[in-house]
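Let us start with two forms of the same protein chain, each given on its own as structure tokens and named structure 1 and structure 2.
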Structure 1
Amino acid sequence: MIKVNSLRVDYEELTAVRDLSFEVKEGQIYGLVGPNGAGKTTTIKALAGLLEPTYGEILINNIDPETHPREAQKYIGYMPDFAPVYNNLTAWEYLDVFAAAYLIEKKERPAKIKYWIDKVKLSEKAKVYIRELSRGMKQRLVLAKTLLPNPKVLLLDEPASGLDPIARKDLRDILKEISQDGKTIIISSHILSELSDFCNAVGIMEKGKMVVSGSLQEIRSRIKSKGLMIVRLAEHNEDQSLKLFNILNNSTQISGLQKISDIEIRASFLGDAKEAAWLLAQLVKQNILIAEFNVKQDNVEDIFFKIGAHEVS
């Protein structure tokens, strides 16, 4: 759905983005992460057609937003980090103004506004003036505005910036829900913990360059990321404990076995989710009573620090 090749963006003598290449598949939630000043906002604006690249290629659903801006913009919903709002309008009036701007037929506007204002959980605030809304509610309102024309691609620049933990969770839940409708989402952030729960692909930027990009599983394999496996028996049983240890010890995906207690073993696990499920099935076949079987994979934050992308442009 999104393809970027050798993108470069210069601001006079400053190169904000250099030789950037990555792809985002349809339906992915792609986290664009990096320190402040890494080039995330510039990249988002270039994708939205708000900045003219110095050179390079951008394709949105195989359309170049530079040469065919109107066609590309039909697919794009863009939400900046501090979107302007009209404080003297109610939430409903604000959405109605933008529904008209998006050329939505007048008779269709009420239903579309109600659908999205319900979706972002602001129906009770529909008649409230925007100046009376909290920062989190304003962000949800701007998201509803962005979604009014039902774009296939969402470009969200630091949407959780300045929000409290509850508001950030609400925003994550909304994005998870709308992603299930097949929307492709790029969300930039320097708050890595907020991306780990719902991004299924990531691009890590540093000094305007892409350090690594791909699905989380692809990146874990590339950097030979080891998950932490925890296996706990339901009760202490010498025979079952020995069986458990032997099965784990014979697995090619496991290393560093540690017996934490009579009922708990921990190890490093190199496999994926399917291999973990297969291993659990073997334990069950041997009638080993498992109380806990858990593999903690590296999240976005873990990957970021392992790769070492720390420097600000």
Structure 2
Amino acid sequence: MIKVNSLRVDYEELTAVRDLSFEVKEGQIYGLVGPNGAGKTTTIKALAGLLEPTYGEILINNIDPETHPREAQKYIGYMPDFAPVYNNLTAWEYLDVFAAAYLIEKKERPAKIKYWIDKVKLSEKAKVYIRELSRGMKQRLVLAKTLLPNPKVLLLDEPASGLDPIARKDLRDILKEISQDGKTIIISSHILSELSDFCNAVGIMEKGKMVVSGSLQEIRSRIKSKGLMIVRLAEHNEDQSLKLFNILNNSTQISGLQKISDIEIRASFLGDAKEAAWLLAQLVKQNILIAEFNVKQDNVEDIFFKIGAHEVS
């Protein structure tokens, strides 16, 4: 759905993005991660057609936004890191203005506005002037505006910046919900825990360059990321404990076995979910009474800290 090839974006004073290439498949939720100043906002603005690249190619659904901006923009919903609003309009009026901008038929507008204003939990504030809304509400309103034309591609630049924990959770829930509609989402953030829950692909940027990009599984295997396996027996039983130790010890995907207590074993796990399920089946087959079987994979935050020096451009 989105292809970026050798992208370079310069400002007068600095090169914000340099030789950037990555691909986001349809339906993927792609987290663009990096420290402040890594070039995330510039990349998203270039994807939205708001910045002219110095060099390189961007394709949104095989359309180049630089040469065919109007065609490309039919697919794009863009939300910046701050909430640009018209303070002297009401929330409903604001959405109505952008419904017109997105060429939504006049008769369809009220239903669509109502749907999205309900979705972002602002129905009670529909007739309130935007200047009277809190920052979190404004952010949700801008999200509703972004979703209004039902774009196939969402470009969200730090959507939760400045939100309180409750508003952040609400936003996360909304994004999770819309991600299930098959939308392609690029979401940038430097708050890594935000992305961990729902991103299935990630690109880590540093100094305007892409350090690593791909699905979480690909990246985990590329950086030889080990998951933490925790197995807990239902009760203390020497025989079962020995069996468990032997099975785990014989597995090629497991290393660094540690006996934490008489009933708990921890180890590093290199395999994927399928291999973990197979291992569990083996344990059950041997009549070992398992109380807990947990494989904790590296999340976005863990991967980010395992990679790179985290410098800005």
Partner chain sequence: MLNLANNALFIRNWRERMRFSTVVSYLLILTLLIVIIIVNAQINYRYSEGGNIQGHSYPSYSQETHQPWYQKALIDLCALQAVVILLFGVFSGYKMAENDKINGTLDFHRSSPTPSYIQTIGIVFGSTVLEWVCFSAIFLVLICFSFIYKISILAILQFEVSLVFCAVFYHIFAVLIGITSNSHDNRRSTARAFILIYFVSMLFSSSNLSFLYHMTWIPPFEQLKLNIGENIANLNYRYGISSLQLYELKYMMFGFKVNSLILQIIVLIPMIALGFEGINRKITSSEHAIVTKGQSLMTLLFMLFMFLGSALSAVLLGIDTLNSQQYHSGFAGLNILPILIIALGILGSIIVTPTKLSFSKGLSKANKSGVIGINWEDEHSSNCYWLLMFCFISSVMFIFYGIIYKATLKETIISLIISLSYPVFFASIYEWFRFGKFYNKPIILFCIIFILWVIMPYLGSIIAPLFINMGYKNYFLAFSPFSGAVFAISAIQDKNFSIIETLPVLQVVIITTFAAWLLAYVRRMEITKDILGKKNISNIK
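Basically, rigid core = biggest C-alpha set you can superpose within 1.5 Å across the two forms. Please read all numbers here as calculations on a predicted model, not as lab measurements. One-based numbering along structure 1's sequence throughout.
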Check against labels, form predicted in complex with the partner chain ends up as structure 2
Core-superposed comparison between structure 1 and structure 2, Val211 Cα displacement 2 Å or beyond:
no
Q | CA of Ala234, rigid core aligned, shift of 2 Å or more between structure 1 and structure 2 | A | no
Notebook entry, point to check: Using the core for the fit, does the CA position of Lys107 change by 2 Å or more between structure 1 and structure 2?
Noted result: no
Here the CA of Lys127, compared between structure 1 and structure 2 on the core, is shifted in angstrom by 2.3
